[in-house]
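Take a look at this one chain, the form predicted alone, written out in structure tokens.
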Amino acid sequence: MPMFIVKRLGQMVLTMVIASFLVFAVMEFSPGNVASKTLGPYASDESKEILFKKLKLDDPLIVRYGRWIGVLFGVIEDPLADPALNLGFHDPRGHHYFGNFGYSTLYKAPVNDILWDRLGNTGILAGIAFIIIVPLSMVFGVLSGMREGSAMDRGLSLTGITLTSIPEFASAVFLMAVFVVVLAWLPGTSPLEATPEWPLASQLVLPVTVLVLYDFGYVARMVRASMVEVMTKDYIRTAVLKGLPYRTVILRHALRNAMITPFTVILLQINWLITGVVVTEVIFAYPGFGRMLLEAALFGDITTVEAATLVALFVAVITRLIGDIGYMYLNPRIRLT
């Protein structure tokens, strides 16, 4: 087990290095050089030329990537912090520390001040949605899979397919029309700023509902499909023929094996809930991670885009590691070296 984790950690580091280099390369070769995008379209050519030389943008790509990693790990100082450039970049933590993502030209603040705050907001939204989606999907998926072809099974399949096929923006608009416009029970936006009329809890209801409706059907159908397959296995028939109570057969024999495949699917929802809920955050004006990434990309704030992409990659590889470890515990027959 320890060797397996060490091996997976090594693969995770290698994945992060390769992916970060690709992200850096894409950002570097996007239209316009870094100096132009940092100073904005209205900067003089002279200012752009000075910054171009300061950043040494004529160096090979691999050298520039090395400097970027050096700034990120606090090995070298961020060149944009040079007072001679008069860019007004100021970081209260200094310009020489581990985890220095640089300065955001969109938000006019250090990326760390924006990134972690937005990620925390999305974490709240994702956490609430996740703790609703998982138990709900497991309960309905298991009950449906136990009775394949029953009215409950057909109803769940129809409901799941219908909900999953409805885009987030469509369900969001429908819910807003009902609960905001017609009934006036809930706010139409979620800025996470409490007011006497709309407390924070009420602002989270609609975004969470949209995410749950969209994701519940998919996860429940995955659990249901796995449960149906397990219920046809010989060891389930043997347990039933031995006279074991049906409840014991389900809880001790069927459920654990049925969760092997859905376990990976459930963990993948973490990635989606953190980095893939851009539509929901934009519609409800929610100050989250996905909305920040979209705004930074549209503005051309490459520093923020690079930082957000690295965080998204880290979340992806961590959930993969957790998934591999959990997969081993659920299925002891698997031997990974």
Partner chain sequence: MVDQATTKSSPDAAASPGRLGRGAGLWRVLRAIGLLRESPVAIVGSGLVLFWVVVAILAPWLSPYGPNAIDFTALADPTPSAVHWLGTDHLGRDMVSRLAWGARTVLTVAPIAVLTAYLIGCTMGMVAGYLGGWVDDLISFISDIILSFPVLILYIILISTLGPSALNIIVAVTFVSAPGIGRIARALVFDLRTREYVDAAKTRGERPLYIMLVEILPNARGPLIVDACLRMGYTTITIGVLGFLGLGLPPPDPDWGGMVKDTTAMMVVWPHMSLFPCIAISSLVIGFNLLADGLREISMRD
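Positions refer to the first chain, counted from 1. These numbers were taken from a predicted model, which means no experiment stands behind them.
Keep in mind the form predicted together with the partner chain is missing from the figure; the text below concerns it.
- For the three marked residues, R67, S226 and L321, no heavy atom of any sits within 4.5 Å of the partner chain in the predicted complex.
- Listed residues L183, V139, L158, A151 were compared with the partner chain in the predicted complex; L158 is the one with a heavy atom within 4.5 Å.
- Proximity to the partner chain in the predicted complex, defined as a heavy atom within 4.5 Å, holds among V212, L267, V173, I76 only for V173.
- Although the partner is absent here, T303 lies well away from the partner chain in the predicted complex, with no heavy atom inside 4.5 Å.
- In the predicted complex, the partner chain lies within 4.5 Å of some heavy atom of S165.
- At the 4.5 Å threshold, heavy atoms of A312 reach the partner chain in the predicted complex.
- For the chain shown alone, F169 is a contact residue for the partner chain in the predicted complex, at least one non-hydrogen atom being within 4.5 angstroms.
- Heavy atoms within 4.5 Å of the partner chain in the predicted complex are found in exactly one of 116-124, 214-222, 97-105, 131-139, that being 214-222.
- Residues L14, T15, I18, A19, L22 of 5-22 are found to place at least one heavy atom within 4.5 Å of the partner chain in the predicted complex.
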